[in-house]
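Given next, in structure tokens, is a single chain: the form predicted on its own.
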């Protein structure tokens, strides 16, 4: 959910997030499920869009061991971290690039939590030309699971993600881009803990010497964690697999 926080000091934000294993909720089971829905071939050509430090690249390779992953992100230290993780794997190409301008064509475009930057309809519309015949986009997007969000969660996301909609709203945006929905599921608790547990450890190491800007970032991250742990039934990420209609 903390994918884009312009109201926070970004130097402080990256001080918290630098060298974390992943930049949003996710687990290998998400990719295994998406690959099953899409009937992904072992030699699939895949793009990991907004790849962060490369947390999902290994899982993508596991479902297409004879394929190739082109991973891209525009944040330099994320690109460098991903390159270090996969420096010796010829099945991986990692680029510093804008997710709005995907080059080449792929059997699967995977995007974990980063569609938010462009908007669901806008991203899928722009990526259509980069999908091979029969190919898919698989992406996760924050949404409400209830019509009556708890006050604390609603207040938090009014600042963090004011355009957040419900599951039906996400799927409407997919269809507005001219795609058919092949499958959807909610990310499980393990996906969230894979993201939050390392952040909590980092907060503990930074808190004592944090200046004002960093303190604000740490407080925001702690609130996000607390909101999810207390109200996880009310919101989360919806993972959707969609194909151009």
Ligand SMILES: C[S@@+](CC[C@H](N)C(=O)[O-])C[C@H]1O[C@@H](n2cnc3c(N)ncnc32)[C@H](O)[C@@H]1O
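Positions refer to the first chain, counted from 1. All of these numbers come straight from a predicted model, not from anything done at the bench.
The same protein also exists as the form predicted together with this ligand; that form is not shown, yet it is the one meant from here on.
At a distance threshold of 4.5 angstroms between non-hydrogen atoms, residue 78 is in contact with this ligand in the model of the complex. With a 4.5 Å cutoff on heavy atoms, residue 141 does not count as touching this ligand in the model of the complex; it lies far away. Proximity of residue 132 to this ligand in the model of the complex falls outside the 4.5 Å heavy atom cutoff.
This ligand in the model of the complex comes within 4.5 Å of no heavy atom belonging to residue 152. Proximity of 52, 56 and 112 to this ligand in the model of the complex is complete: all three residues have a non-hydrogen atom within 4.5 angstroms. Between 59-67, 23-31, 200-208, 172-180, the stretch whose residues reach within 4.5 angstroms of this ligand in the model of the complex through a non-hydrogen atom is 23-31.
Residues of 66-97 placing a heavy atom within 4.5 Å of this ligand in the model of the complex, in sequence order: 72, 73, 74, 75, 78, 97.
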